[in-house]
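Only one chain is shown below, in structure tokens, and it's the form predicted alone.
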């Protein structure tokens, strides 16, 4: 049996003493025990660490595998109110879908009153609405039926930040694309058709990668494996990049930018590319650190470039 005390990481005040803990107990079980003493801090809100300024321990970490003796001190940090990833994703993706359609149908008080509930004479505007709606319906369905999250929750404050980003950009793009004075791309149908092919190709590619990643992780597990190409040709890009889901996502928004020739869309694509590059580099470093046999040819997001 082992004995542990838990201190506040900031004040070093003693919060809890756990007596007669089995050596094969996990950090997840420690969190549950701590929760009984402090009901206001449910397990997903807790960060338990060995050092006050160290990294959070994983729920699946086993005590006897950690560098602690029969008595040890853990440090607790409050992560703040939590919300499930599924709730966040559904909220941030539903907003753009609804907002864009409001601009597309030109509901009152958006444009001049004479344009209320009128439709654009340019077929590219209708095509753009279908593509935008398809993209976010796909994201909603993937959230419900495809994605398996390694973490169940995120800080509640993130939902406000994420929704501001997605909802704000959706409204900005939709305002100009559906504006009565909108003009089609300079190279006409040829440019639009090329953009549509790129958009659809990348949407299929993105979905294929999400399915491949889903199949790597059994239901209810947090197992991490090296992703490799499958029989699906859209996954062969795994030979060159670590995060092809972001590569395809970038391609889809480049296609939408080319299709609409709209500056807000181009800016959204640029900002999204910068953020996805940060995520891809982080995941790439994580792969290299965790797997010694990780394929050396792979780049984070763009083959041979970035």
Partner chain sequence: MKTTHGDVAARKKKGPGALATAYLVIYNVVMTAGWLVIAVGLVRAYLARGSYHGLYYSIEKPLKFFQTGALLEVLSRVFLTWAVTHSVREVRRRLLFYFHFEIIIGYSFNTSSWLNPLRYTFFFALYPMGVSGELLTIYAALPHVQKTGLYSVTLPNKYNFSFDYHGFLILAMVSYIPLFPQLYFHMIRQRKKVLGHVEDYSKVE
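Everything numeric in this text was worked out from a predicted model, so none of it was measured. Residue numbers count along the first chain shown, from 1.
What follows is about the form predicted in complex with the partner chain, which we do not show.
Trainee: Are all three of 77, 161 and 263 close to the partner chain in the predicted complex, meaning a heavy atom of each within 4.5 Å?
Mentor: Affirmative, all three are within 4.5 Å.
Trainee: Would you mind picking the one in 35, 58, 281, 49 that has a heavy atom within 4.5 Å of the partner chain in the predicted complex?
Mentor: If I apply the 4.5 Å criterion carefully, the residue I get is 49.
Trainee: Could you spot which one of 130, 181, 113, 144 gets a heavy atom to within 4.5 Å of the partner chain in the predicted complex?
Mentor: Exactly one residue meets the criterion: 181.
Trainee: Specify the contacting stretch among 96 to 104, 223 to 231, 149 to 157, 194 to 202, defined as having any heavy atom within 4.5 Å of the partner chain in the predicted complex.
Mentor: Contact-bearing stretch, as computed: 149 to 157.
Trainee: Can you tell me whether residue 82 touches the partner chain? I mean in the predicted complex, with a 4.5 angstroms heavy atom cut-off.
Mentor: Residue 82: contacts the partner chain in the predicted complex.
Trainee: Might residue 277 be said to contact the partner chain in the predicted complex, defining contact as any heavy atom within 4.5 Å?
Mentor: Contact check for residue 277: no, nothing within 4.5 Å of the partner chain in the predicted complex.
Trainee: For residue 26, is any heavy atom within 4.5 Å of the partner chain in the predicted complex, or not?
Mentor: So residue 26 does not count as contacting the partner chain.
Trainee: Test of understanding: in the predicted complex, would residue 273 fall inside 4.5 Å of the partner chain by heavy atoms?
Mentor: Output for residue 273 is no: heavy atoms all beyond 4.5 Å of the partner chain.
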